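Single chain ahead, by itself, as structure tokens, in the form predicted alone.
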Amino acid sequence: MRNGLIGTTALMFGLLASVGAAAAADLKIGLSAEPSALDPHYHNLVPNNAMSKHPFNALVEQDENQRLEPGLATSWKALDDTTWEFKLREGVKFHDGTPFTAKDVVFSLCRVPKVPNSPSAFTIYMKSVESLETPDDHTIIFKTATPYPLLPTDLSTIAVISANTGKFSGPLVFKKSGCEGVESYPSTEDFNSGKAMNGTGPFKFKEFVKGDRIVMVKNPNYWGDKAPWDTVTFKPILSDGPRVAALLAGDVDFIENPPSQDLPRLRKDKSVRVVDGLSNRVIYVALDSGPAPSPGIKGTDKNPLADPKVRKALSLAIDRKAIDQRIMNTQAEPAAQLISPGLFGYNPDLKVDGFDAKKAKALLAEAGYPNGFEITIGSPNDRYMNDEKVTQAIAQYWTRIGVKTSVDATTASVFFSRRGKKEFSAYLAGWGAGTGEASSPLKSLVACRKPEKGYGTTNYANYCNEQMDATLTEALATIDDAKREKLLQKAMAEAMGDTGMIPVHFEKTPWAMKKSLTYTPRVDQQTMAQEVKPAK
């Protein structure tokens, strides 16, 4: 009888163990692009920014429509035109159990300018900050040199890391020229190895195997809504076909950016759910408008792209509607500017350049290039939706008007490195307005490159329009929302007026998942495991 009881007890424990295992909520996500690093201050890029929001928080957060909401700061207000007060959330702890205080915010802001070799720096979001004061552990006073209404928006882009990841030689004092009291900051490799992955976010770091997986586990002490998943495994599956195959085979539960050509089939599959929405990402072509020589141009000793007529001709040569229909499978909306409809500063008066090869040829002739010239256009081949295919189509359109065009497409990591070295005369890339308004692309992509102002941090095409810069600067110092929006619209018109950059289209971002899951599309295109929910 005793043996029977033992056997029954063992069976019960076995059943309980299997129930416990079944109850474990694990989520596997197939990523279309791998973050270049886990360092939240290293690279201002959507895959990096999205990943950082799992282990880290910012003072201010953005919802799926990029509306601001409290994060590590519970409230903020302008005390006067150049002074802002932020009240910090109390009772928050980092993953190692240490309490979150104002010192961690100051340390994070001190580190941003010190990150070496950043391909696209976050310093653009800090240039307005002149000084910081911390009256107590849960209050920070920001001082700006001029009125700056976008401070809360800018701070929503900067992750707060633990001051315990640094070394100090004295009291920490924020200085615009370089903070005092800091002996060393964590390196990018410290984040990749997990050593510095100490945040306040909903997930804790567990493992990073580059090219294979990033694993995070639920933070049981998270201050906000608890994530529905105990473990999340992010698997970079950069090729479209294998990513879709992984979902259909059950190897992953959720994928981002299913290829547009597969969407009709996926929508018919009763085991799959597809959601999509218009994003804030503009796909654009940047043109080197600086002095000759330009690295990818042949057939002339001048730089044709320095002439606005040539830039306009290249824009008119692109059939955006055909690209949407034939390459993007209607997952794009032709663009006339650098932010999508609905975002703050969108200019409704700007119209998409219609396809007009005849006028394009005439403009080339007026500019002194009746027989065209040769150019190479650079492009990533694994970063944006159908990026290489779109670039190839643009190359064909340009060739048809006499500008013989070849394509140099590489993986995103190689492309961004070469772009940073200004190896391209023209290149296709994308930009998502991280702040949800027009100053984001204007300040980063087309403003004259002025590092001391945080202007042109991702302007690798030598474009400079001092009038646009002046309008943008005025907008960034205007507290009144209505007046600021009109100034941003004016600045956008000035940049687009001489084709400082060629906007091609805005992406419509799709996600595909098991039918048992749901997800609300995000304008910023970011995939958030904490927002993937079991379907009701």
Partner chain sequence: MGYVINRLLQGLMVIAVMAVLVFIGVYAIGNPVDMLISPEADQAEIQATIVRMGLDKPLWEQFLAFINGALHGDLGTSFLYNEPAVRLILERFPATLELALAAILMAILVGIPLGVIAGLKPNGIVGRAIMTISILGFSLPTFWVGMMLIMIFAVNIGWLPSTGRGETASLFGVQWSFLTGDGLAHLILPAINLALFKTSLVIRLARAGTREVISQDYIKFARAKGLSEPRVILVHMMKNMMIPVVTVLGLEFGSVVAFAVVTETVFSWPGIGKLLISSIVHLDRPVIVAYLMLTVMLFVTINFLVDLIYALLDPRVRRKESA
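Only a predicted model underlies this, so the values are computations on that prediction, with no experimental measurement involved. Numbering follows the first chain given and starts at 1.
Omitted from view is the form predicted in complex with the partner chain, to which the following refers.
**Report entry** Residue (of 74, 406, 83, 413) lying close to the partner chain in the model of the complex, criterion heavy atoms within 4.5 Å
**Finding:** Looking at the other structure, the residue within range turns out to be 413.
Report task. Check each of 315, 458, 279, 200 and return the one that places a heavy atom within 4.5 angstroms of the partner chain in the model of the complex. Result -> Selected option: 458.
Requested in this report: Tell me, please, which stretch of 171-179, 243-251, 352-360, 368-376 lies within 4.5 angstroms of the partner chain in the model of the complex when heavy atoms are compared?
Outcome: Of the options, only 243-251 has residues within 4.5 Å of the partner.
Query raised in the report: Could you tell me if residue 440 has a non-hydrogen atom within 4.5 Å of the partner chain in the model of the complex?
Result: Yes, residue 440 is a contact residue.
**Report entry** is_contact(residue 399, the partner chain) in the model of the complex, heavy atom dist at most 4.5 Å
**Finding:** Looking in the model of the complex, residue contacts with the partner chain do not include residue 399, since no heavy atom lies within 4.5 Å.
Query raised in the report: Should residue 213 be classed as touching the partner chain in the model of the complex when contacts are defined as heavy atoms within 4.5 Å?
Result: Looking in the model of the complex, residue contacts with the partner chain include residue 213, since a heavy atom lies within 4.5 Å.
Requested in this report: Flag residue 435 as yes or no: does it have a non-hydrogen atom within 4.5 angstroms of any non-hydrogen atom of the partner chain in the model of the complex?
Outcome: Close contact exists here: in the model of the complex, residue 435 approaches the partner chain to within 4.5 Å, heavy atoms only.
**Report entry** Candidate spot 155, 273 and 521, all three touching the partner chain in the model of the complex (heavy atom, 4.5 Å)
**Finding:** No, the whole trio is out of contact, none within 4.5 Å by any heavy atom.
Report task. Check each residue of 119-148 against the partner chain in the model of the complex and list those with a heavy atom within 4.5 Å, in sequence order. Result -> In sequence order, 119, 120, 121, 123, 124, 125, 127 come within 4.5 Å of the partner.
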